[in-house]
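For reference, the chain that follows is the form predicted on its own, supplied as structure tokens.
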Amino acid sequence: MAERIETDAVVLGAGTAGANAALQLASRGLRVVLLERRELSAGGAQWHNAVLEWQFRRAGLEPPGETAGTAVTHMFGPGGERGVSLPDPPTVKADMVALGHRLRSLAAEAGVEMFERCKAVRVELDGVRPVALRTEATPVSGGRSDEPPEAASRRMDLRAPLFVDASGLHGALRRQVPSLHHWCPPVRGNELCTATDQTHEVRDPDGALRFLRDHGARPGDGVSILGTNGGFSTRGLTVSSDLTTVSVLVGCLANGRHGTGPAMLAELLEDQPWIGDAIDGGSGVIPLRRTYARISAPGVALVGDSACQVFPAHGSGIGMGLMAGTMLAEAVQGAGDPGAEEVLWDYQYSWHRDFGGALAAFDGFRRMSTALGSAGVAELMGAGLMSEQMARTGLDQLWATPPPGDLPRMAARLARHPRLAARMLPMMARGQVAGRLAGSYPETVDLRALQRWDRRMSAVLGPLPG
């Protein structure tokens, strides 16, 4: 017999996006249950990730104390073409395991009830609205399970006015809500990134120094080689200042034509024998497309990868997911029915108004890099078209047009590369228009207006490059 539990909100997924959503909802007076399909400590990303302080501030969180910055980031094309060097890049590395643990601990202190090893999630609908979630899971006390799973597992019938899907790319809750099926199609190969991020020992410090010298870098700097496996791909290495460890990030499109994150890592380790054994890290598949036009429906809201709230130009979703959870909590605060359609529409409207434009614009940029391919990225770098301002804008995850002083130089260089210009300029223009179109997102509940808006956005961005 399932135990019936009445609560205000159920959050599915205890990674950083879900844990913060649960924390923020509970901090605003809601009774919250947080569910994780794995052990709680394994929820979410298990590697390091680039984060931005402004995203933590918008999420109402203190930046993690374990971050460590990169002195200079040096960018190159796939054939060694020198792009640009960025002193004091805005991104810092944060340990996602530590961040997830911190958020779950804060959520527990705020009164969130937590369960792990959640299985067989089934949603009950009343018309189009979810009203219950049935599952079997193990209770967690204070952020840690204190009983063996076979002794503690409980069958539950969770009743709530609000269900939050923070379960990741495959949307375990989203897939069971028919009213979202049209708006949230499966993400395809050219809209997915396969990535691996690991920290390794440095086996041969002299070899690490040779690698750094070859790239005009010093210990503590980052070296990013773009376009190695198709136009959207990277090999990034950051050797620690004391030459004892190296952080490695590799990734490419998950369309089956350019390899995988783990395969790219294996190739890199073979190319760079000075890199030793792995210390920690992990791999994942990340959505790259613009945020779904509709990320809520009566009784349900999507946050994080489930909503495709990911920065498309390089596949970073941690900061976006954190902000989304806080924005959801802000929208429902004080509402008599936190799952009411008009309440949750305020959340998705605010998201698209504040961040949808930048993500759509950078989706255009990501499509451009895909269309260019490795050869085009090499030509772009060799032509000097990757400016410091362009690179910094991408790392900052904030769309900005080139400053007027840069335009004559860019125009002159593009004039010397007409084929490159013919491929870059239309896609960059599409991204610019898409960014502006986000400002016309319907402010109140109107599905027909939203359909028209979504069709215009798709037409502006155009078909995906093959």
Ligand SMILES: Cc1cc2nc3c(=O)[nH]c(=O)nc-3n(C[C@H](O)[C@H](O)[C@H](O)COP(=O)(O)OP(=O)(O)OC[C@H]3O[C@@H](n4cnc5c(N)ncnc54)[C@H](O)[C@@H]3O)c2cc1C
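Just so it is clear, the model here is predicted, and its values are computed rather than measured. For every residue, the number given is its place in the sequence shown, counted from 1.
One more form of this protein, predicted in complex with the named molecule, exists but is not displayed; see below.
Enquirer: Are all three of Cys118, Ser167 and Ala172 close to the named molecule in the predicted complex, meaning a heavy atom of each within 4.5 Å?
Expert: Per the other structure, all of Cys118, Ser167 and Ala172 touch the named molecule.
Enquirer: Does the named molecule come within 4.5 Å of any heavy atom of Val285 in the predicted complex?
Expert: Yes.
Enquirer: Considering only heavy atoms, tell me if Leu23 and the named molecule come within 4.5 Å of each other in the predicted complex.
Expert: Close contact is absent here: in the predicted complex, Leu23 is far from the named molecule, nothing within 4.5 Å, heavy atoms only.
Enquirer: Residue-level question: is Ser27 within 4.5 Å of the named molecule in the predicted complex, judged on heavy atoms?
Expert: Residue-level check for Ser27: no, no contact with the named molecule.
Enquirer: When the contact criterion is heavy atoms within 4.5 Å, does Val32 count as touching the named molecule in the predicted complex?
Expert: Val32: no contact with the named molecule in the predicted complex.
Enquirer: Sort through Ser387, Ser374, Thr196, Ser153 and report the residue having a heavy atom within 4.5 Å of the named molecule in the predicted complex.
Expert: After the contact test, the surviving option is Thr196.
Enquirer: For the chain shown here without its partner, which stretch in 357 to 365, 290 to 298, 217 to 225, 276 to 284 has non-hydrogen atoms within 4.5 angstroms of the named molecule in the predicted complex?
Expert: Of the options, only 276 to 284 has residues within 4.5 Å of the partner.
Enquirer: Heavy atom within 4.5 Å of the named molecule in the predicted complex: which residues of 323 to 349 meet that condition, in order?
Expert: Not one residue comes within 4.5 Å of the partner.
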